[in-house]
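The chain below stands alone and is given in structure tokens; this is the form predicted alone.
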């Protein structure tokens, strides 16, 4: 099994543990990741506010580079924002030759051409659809019995393109979590917004949204994420929200490949748990 791999900017910075654990998990299950050569920023959420066309051109460049590898047409993308931006170009150019021509006019000087051959896939889609719980169970080394996990999907991996799950009632992580022996924390916040960048621009709104998610996760041992922005919001503001609401909302926040990777026998160092901002002592005790 082989995929082209687009890590994106966050996974080389604040979400390095997501990058490392994703690579380690895929390798442990025999999946080969081919990092796209000379990839550049997809525009994140900033490009669209500066120029709509720029927000398409940036991911288009990465897709055009990926098309040079003719025998691998699936691109695995862990970051939900990067996935959404690349997926947007894939979808918008399918039946719009005029837009495709405009994008190729600016890609041409770099000897790049976008033909629409690439299939953009979120990490969760690949793990759920191509690997699945049976494959995970095949490589299982540790049963995570006794852990209760709250799966958190966020917005961007399922909206506006509900490719592999229901954005209103997402459930794709649940079979993966039970495959490693853990329990599902019963809640309805999996598809709710964490506030994204509103935590900085409109902090009252952002912190209220994050607080609601943390409140509903009480009773779980950890929240599992698949998005660097969601991960940052849920783990970085726990103390501030706890003080504001006068309640202890400390909660372990892990990336999905960290949880599965540990069950598959990877060490805490291989998964870079040392880079996570919020892992409770009680959770660490359950891991030992």
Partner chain sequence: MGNTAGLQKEIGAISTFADLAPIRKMIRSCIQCGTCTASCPNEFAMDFTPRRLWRMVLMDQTEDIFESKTFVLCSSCYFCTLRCPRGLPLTEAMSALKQIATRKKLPKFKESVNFYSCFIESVRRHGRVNEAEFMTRYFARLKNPLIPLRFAPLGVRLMMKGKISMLPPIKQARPLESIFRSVEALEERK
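This is a predicted model, so every value here is computed, not measured. Residue numbers count along the first chain shown, from 1.
The following text describes the form predicted together with the partner chain, which does not appear among the structures shown.
Undergrad: How about residue 10 - does it come within 4.5 Å of the partner chain in the model of the complex, if we only consider non-hydrogen atoms?
TA: Yes, residue 10 is a contact residue.
Undergrad: Quick one: does residue 262 come within 4.5 Å of the partner chain in the model of the complex, counting heavy atoms only?
TA: Because no heavy atom of residue 262 falls inside 4.5 Å of the partner chain in the model of the complex, the answer is no.
Undergrad: Does the partner chain get within 4.5 angstroms of any non-hydrogen atom of residue 151 in the model of the complex?
TA: Contact with the partner chain, no.
Undergrad: Can residue 245 be called a contact residue for the partner chain in the model of the complex at 4.5 Å between heavy atoms?
TA: Looking in the model of the complex, residue contacts with the partner chain do not include residue 245, since no heavy atom lies within 4.5 Å.
Undergrad: Name the stretch, out of 215-223, 245-253, 22-30, 38-46, where some heavy atom lies within 4.5 Å of the partner chain in the model of the complex.
TA: Of the options, only 38-46 has residues within 4.5 Å of the partner.
Undergrad: Do all of 138, 146 and 181 end up near the partner chain in the model of the complex, with near meaning a heavy atom within 4.5 Å?
TA: No residue of the spot touches the partner chain in the model of the complex.
Undergrad: For 49-80: residues with a non-hydrogen atom within 4.5 angstroms of the partner chain in the model of the complex?
TA: Read in sequence order, the residues that approach the partner chain (within 4.5 Å, in the model of the complex) are 49, 50, 51, 52, 53, 54, 57, 58, 61.
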